[in-house]
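Only one chain is given next, in structure tokens, and it is the form predicted on its own.
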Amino acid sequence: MTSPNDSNKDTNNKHNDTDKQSSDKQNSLLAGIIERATKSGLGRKKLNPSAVESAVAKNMAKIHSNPTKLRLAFLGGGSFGTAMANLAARNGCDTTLWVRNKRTVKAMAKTQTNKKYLPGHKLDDRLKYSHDLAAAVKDKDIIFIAVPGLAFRETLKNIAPFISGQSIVSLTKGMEKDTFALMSDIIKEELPEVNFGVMSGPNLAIEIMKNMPSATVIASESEPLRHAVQAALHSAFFRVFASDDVKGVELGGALKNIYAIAMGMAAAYEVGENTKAMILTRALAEMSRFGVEAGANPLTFLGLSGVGDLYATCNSELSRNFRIGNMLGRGMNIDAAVKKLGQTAEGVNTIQQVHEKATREGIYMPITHALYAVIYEDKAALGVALHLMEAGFRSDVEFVMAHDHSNAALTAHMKSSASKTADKDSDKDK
């Protein structure tokens, strides 16, 4: 006679067999996709896991099934760092938000709000606060760094003595001034043995705090780390997607700031929808063109960290870079605009960095070069825009068909147009 327990065992065994068959089928499908991607040149060789990553991997399986076991530190009390820390605390993670200023920490702990960056938004009661860097990062599983790009390297140097196996995830978008280093490059330089990842996407902090459906991308070579970040931050209103293209995801988050400034300037001139659509699509072409030269997968720019972040940042007055561009379009100089904004607009530095690198390496970046001319060479925005419209012919979608004219020819045409305009202005003055 079969007992109820035996019956349950048979049922469980059937479920297990079904799950295994499904898993094998998925693994087989995934292997086929990877094989085809590798043959097409889009695949990338996997790195061998370091000793640190191996140690982390042993713990991540348990963490993924129970995110409340995750111990997290978020460094930086700006809008995005605070919003992400709040999400993690709300998900039940042991979460500490580190802010440099002791007085600010006391005020946040007392009021459960970030009055400077997220006024009027109550933070989760379980979120902890600290101004003690050593205490904030010791014995944590993951350290999320959300400080401005200018302070990123210094922050890594400051936490280095307290690193004993923690993973690092960058929430900072942009490039280091004068070095062209992305945040992942800085992590590899300052903490070479650390398991790391980067996060990017259309993530306007105020909308996240209002529980408006949003999504982001966690990019890392480490699958366990990707799973851990998903477990920590994924919620009903905030989806976390995964990628292993660290370079592509990070470049998307950095480059889109350039074009948000361009769109802010365009908005100041009250351009039409056709113009906005043209700026967005040509911006995406520039981003993917630059990304491929840097070793990224061009398909990454079609995702959340590419076109998704580009669209959100270029179409929102909440965007710092959009606001900077809008002020520039209304005649304000860059120093006055930055001062009025009162926050870091990463795109200003990124324009200079990308312009210089693209010029050195012959990468065709007309919008970036035009913005550089307006911001750093004091050229008239409207005149620069007209030169762009006259700048020859190219094919529509990058990597689909050859361009009709070389970058050199188009650049020469732009310089020629600029020279003619300058001569005309000179004649008028006479």
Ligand SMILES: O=C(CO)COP(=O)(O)O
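Numbering starts at 1 and runs along the sequence shown. As the structure is a computational prediction, the values presented were derived from the model and not from experiment.
Beyond the structure shown, there is the form predicted together with the named molecule, which is absent from this document and is the topic of what follows.
- Contact with the named molecule, judged by heavy atoms within 4.5 Å in the predicted bound form, is confined among 315-323, 286-294, 121-129, 228-236 to 315-323.
- Residue Leu204 is the only one of Ala267, Leu204, Ile163, Ala181 with a heavy atom lying within 4.5 Å of the named molecule in the predicted bound form.
- In the predicted bound form, Ser220 stays away from the named molecule, with no heavy atom inside 4.5 Å.
- Using a 4.5 angstroms threshold between heavy atoms, Glu250 stays clear of the named molecule in the predicted bound form.
- At the 4.5 Å threshold, heavy atoms of Asn257 reach the named molecule in the predicted bound form.
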